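Just one chain is shown here, as structure tokens, and it is the form predicted alone.
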């Protein structure tokens, strides 16, 4: 590691330590590196702008954000929640199961864990607490845990970013995320069932079977969104970015046209909020691209690849070590930073060891999402705290059981790649 890179890293972590937003911390670190090495500081701006303009795939990110915000508006949430209550509310710990199933459904619309937690999550927490059957901490903890499924089942903003740095197929990544997302949902429901029996949590009033077909019909237009998205991508009709645009248009047609849940003023507010969120993500992406430029210039990925090659490490051991590192980093870093800055360092080694990049990518995204609920700095814990006012200590006290089963699911996916790769292979993936 050169002196210039060391000084840049000191500046980056120093700024982050005093609470500077991560995008600005990266930019300051880059400017320090360029200044110490005697390079033109304008390289930072030029690199960021050029790479953002060249990244056509990145246009999918603001489009997915917009579609999620549109689908979260008005009666759409209510219709889907009623559908979930009809499906699983009758079982012990019913609202906990509703929480998980609702996140599985909403993950097919948002692609963002934070959007799920702050949107549908707040509604379900209120319902669980008002029922009198669940403590505030438990309702908040299971909501944070289920929100991690959001970016696993397509559409997925983190998977789009991973495709950008690895050149893996977005369509294959989206398909590969479906089964792992369902596995995460099953283990969370299993833990909820276990805790509910131990603590005597009740079930909801069963919805008459004759009403379920009607509730299903009302929810079907929203449920079709991930089907349309994957259909467009995997049939080759559109690129992932074009499919994201179609998803946003479809969300608008359903919310404003079919459900009549959005007025013109509301739509303006949705677009403003989407623009703010997209700008925030875009700034992190741009800053990460400048840092990636420097990391490549310093030949760091090749050095890491040579180190692992010299150690003759097995692919499985490499996967385990990288996932442990990501799990630890996930406690303090945003998933976007991990995927855009840290993971590109290991891509050459993955190719060298013959590791499937789709399998590796899904594991990294799952791992990064688990990091969002890992105390003490899990971002989703703070999001739930901010939108509900439930104290962090109550949430953290209840999160450990759900964290344990999600880590168990991750280990299973590492050991058995077929869980991740089965569905893409059914559709012709050769990995």
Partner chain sequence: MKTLSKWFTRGTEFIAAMALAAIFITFLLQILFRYVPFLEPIGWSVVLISLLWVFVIFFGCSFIVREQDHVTFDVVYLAAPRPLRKILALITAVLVVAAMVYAFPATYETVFANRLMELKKIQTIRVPITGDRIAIKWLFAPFVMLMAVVTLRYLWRIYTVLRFGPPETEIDMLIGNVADDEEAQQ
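This is a predicted model, so every value here is computed, not measured. Numbering follows the first chain given and starts at 1.
Keep in mind that the form predicted together with the partner chain is missing from the display, and what follows is about it.
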Requested in this report: Sort through 96-104, 139-147, 326-334, 171-179 and report the only stretch with a non-hydrogen atom within 4.5 Å of the partner chain in the model of the complex.
Outcome: 326-334
Report summary line: in the model of the complex, the residue from 315, 282, 226, 348 with a non-hydrogen atom within 4.5 Å of the partner chain is 282
Report task. Could you spot which one of 215, 123, 252, 230 gets a heavy atom to within 4.5 Å of the partner chain in the model of the complex? Result -> 252
Query raised in the report: Hey, in the model of the complex, is residue 16 touching the partner chain, heavy atoms inside 4.5 Å?
Result: yes
**Report entry** residue 59: touches the partner chain in the model of the complex, heavy atom cutoff 4.5 angstroms
**Finding:** yes
**Report entry** Any non-hydrogen atom of residue 364 within 4.5 angstroms of the partner chain in the model of the complex
**Finding:** no
Query raised in the report: If you check in the model of the complex, is residue 276 within 4.5 Å of the partner chain, heavy atoms only?
Result: yes
Query raised in the report: Is it the case that 167, 195 and 405 all touch the partner chain in the model of the complex, with a non-hydrogen atom of each within 4.5 angstroms?
Result: no
Query raised in the report: Of 374-395, which residues get within 4.5 Å of the partner chain in the model of the complex if you count heavy atoms?
Result: 377, 382, 385, 386, 389, 391, 392, 393
